[in-house]
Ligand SMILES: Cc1ncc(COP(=O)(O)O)c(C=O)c1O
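Just the one chain here, the form predicted alone, laid out as structure tokens.
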């Protein structure tokens, strides 16, 4: 029987950080930038409370969740839209803004879903060069043309861990053509204590040509529930509501997100844990001549170019002890690994195994 013809897609599927290793029952997964401390106890209580009440559809307009978000971040409720992870909102933005032949500019090392969703709708993805794994305003501006509709940046950037300052971000918006939508992905902003950093939402809350992405998958620990949100012009948000799936964020995810936003102590504890362990891990990595990004988000890009061992060798030896890091070949980054900062036990075991690997070097 013949298969009906479908459109050929010139793209590679997203490759997530691995969760399993052959013949290893017990693994330490430090490959996906997930929460080191899991989720808030408040969110866990919401799951228990909701588990027997799933026969009805969820609120397709997320009224309680968007109300909680607007109060917490002092922004307008009618300019918020939620998605099944922030990646669904990326998909909807591409559907809304892009047609075949349009252009999207992304940094050369950036979240893979920006380019994947843009390509699916027929847009051309243009890569701007980075300088020492850092987003360059000059390079982005160089790549924009009359066909450019969207510029995507994550700040801090995934997978490099670098960030651009408040002034650099403001400068980028100022220099871009006003008709280009700047999408700023704030996925890791909660971790950022750097003095010259400001989130996209804080800087562009009242800008009609900037759209902000946020997620509950990272510091809030709700990765498997798939819930994120976006903030932008009411005209854009109203249009996104017209094309979004009717019940795209499930009831339990919405309720857990609401409770997570209320738990300030969990966030404070998570940020402190991240900072304390980032300092320790960076010190150990540098002692082996493994270069890293500055302390900031909940992960490091480990660069082995000055190290006596290769990224591949270290990756394979870590996997022998059940520790998984994120390979960087799928991003086009050579001789590097991405390391998520884990919980206390995971971090201790990771450092212990690294010492074993480098013992005789």
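Residue numbers count along the first chain shown, from 1. Not measured: the values here are computed from a predicted model.
Below, we turn to the form predicted together with the named molecule, even though it does not appear here.
With the partner omitted from this view, the residue of 162, 199, 217, 254 that lies near the named molecule in the predicted bound form is 217 [heavy atom within 4.5 Å].
The contact with the named molecule in the predicted bound form, taken as any heavy atom within 4.5 Å, belongs to 226 out of 129, 119, 205, 226. When contacts are judged by a 4.5 Å heavy atom cut-off, residue 158 counts as touching the named molecule in the predicted bound form. The shortest heavy atom separation between residue 187 and the named molecule in the predicted bound form is within 4.5 Å.
Using a 4.5 angstroms threshold between heavy atoms, residue 232 stays clear of the named molecule in the predicted bound form. The shortest heavy atom separation between residue 87 and the named molecule in the predicted bound form is within 4.5 Å. Judged by heavy atoms within 4.5 Å of the named molecule in the predicted bound form, the contact stretch among the candidates 237-245, 79-87, 92-100, 139-147 is 79-87. Applying a 4.5 Å heavy atom cutoff to the named molecule in the predicted bound form picks out 111, 114 from 98-132, in order along the sequence.
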